[in-house]
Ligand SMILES: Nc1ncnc2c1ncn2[C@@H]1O[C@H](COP(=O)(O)OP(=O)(O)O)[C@@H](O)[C@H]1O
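Only one chain is shown below, in structure tokens, and it's the form predicted on its own.
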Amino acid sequence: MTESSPQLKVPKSDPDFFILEEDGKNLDRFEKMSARHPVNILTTGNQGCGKSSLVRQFAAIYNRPMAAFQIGLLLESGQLFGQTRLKDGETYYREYLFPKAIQTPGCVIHLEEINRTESPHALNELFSVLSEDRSIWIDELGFVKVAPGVMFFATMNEGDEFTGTETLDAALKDRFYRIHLEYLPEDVEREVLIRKTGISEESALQVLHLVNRIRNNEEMGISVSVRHSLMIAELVSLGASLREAMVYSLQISKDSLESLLLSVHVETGETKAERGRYVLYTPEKEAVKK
């Protein structure tokens, strides 16, 4: 790939990133395919299952510069390219990073939360840049053509539980290959917890034992992602009890919390937490205890 501009850097590779072997093989095929013709990839899956991480890892593995854009922030058509601003009583056009990124050969363009725009019209320009022709006319910029080898990755969460999301336009969705990510199998997730947080294997097993009890209990209605299990494991690795780690990492109702704490007590033998002492939260090394 050609040398990227200072703003567009190749992300660092994650040495602890796991992926389904089949997905990895097809991503390699997509990368080779991009040398022949434009390739767009839609990555779906539950929250916290590694969609954004997959895009970064792909760019790192193939030494491609990357730029990420929050599609959920778009309010109107054309906003990806730039906006008219006012300065000293005069208007001027401020070009954004998007046109520069799509004109960088081999760049990975991450369109985050593509189904969460404030207005469906905000995505109008994407139809042109994602098409086979991959070009668009912007009055303020002129003719903008996507550079060779540029790959678009769009990520999105699907489901009624995600507020602010919309069903992706069928004509837009049709322009993408699709990769659907699932949560990791327990043995792989255990390895991830150990490698990323330094937690012991025994503690990792305890974390996942309780996490999976929650995942398998539909009545609790709690979604515990890999991101959450990592949060729990990291707190445990730094000395927190399993009970504390779960309280601070999971956002759940009071009733579900009480049920969960009872499970923690039964599984770990931890006693009910007593009222904690209050201390001054100051920069001083020795805080005054209350």
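This is a predicted model, so every value here is computed, not measured. One-based numbering along the sequence shown.
The protein also exists as the form predicted in complex with the ligand; that form is not presented, and the subsequent description refers to it.
- Scanning V247, L27, M66, L230 against the ligand in the predicted bound form with a 4.5 Å heavy atom cut-off leaves one residue, L230.
- This chain lacks the partner; the member of I41, L235, I222, C49 within 4.5 angstroms of the ligand in the predicted bound form by a non-hydrogen atom is C49.
- Of the candidate stretches 28 to 36, 236 to 244, 58 to 66, 222 to 230, only 222 to 230 has residues whose heavy atoms lie within 4.5 Å of the ligand in the predicted bound form.
- The ligand is not shown here, but in the predicted bound form it comes within 4.5 Å of a heavy atom of S53.
- Shown alone here, I214 lies farther than 4.5 Å from the ligand in the predicted bound form, counting heavy atoms only.
- Within this chain, K196 lines the site of the ligand in the predicted bound form, having a heavy atom no more than 4.5 Å away.
- Not displayed here, the ligand is kept clear of D23 by more than 4.5 Å at the level of heavy atoms in the predicted bound form.
- Residues are counted as partner-facing when one of their heavy atoms sits within 4.5 Å of the ligand in the predicted bound form; in 11 to 35 these are D14, D16, F17, F18, in sequence order.
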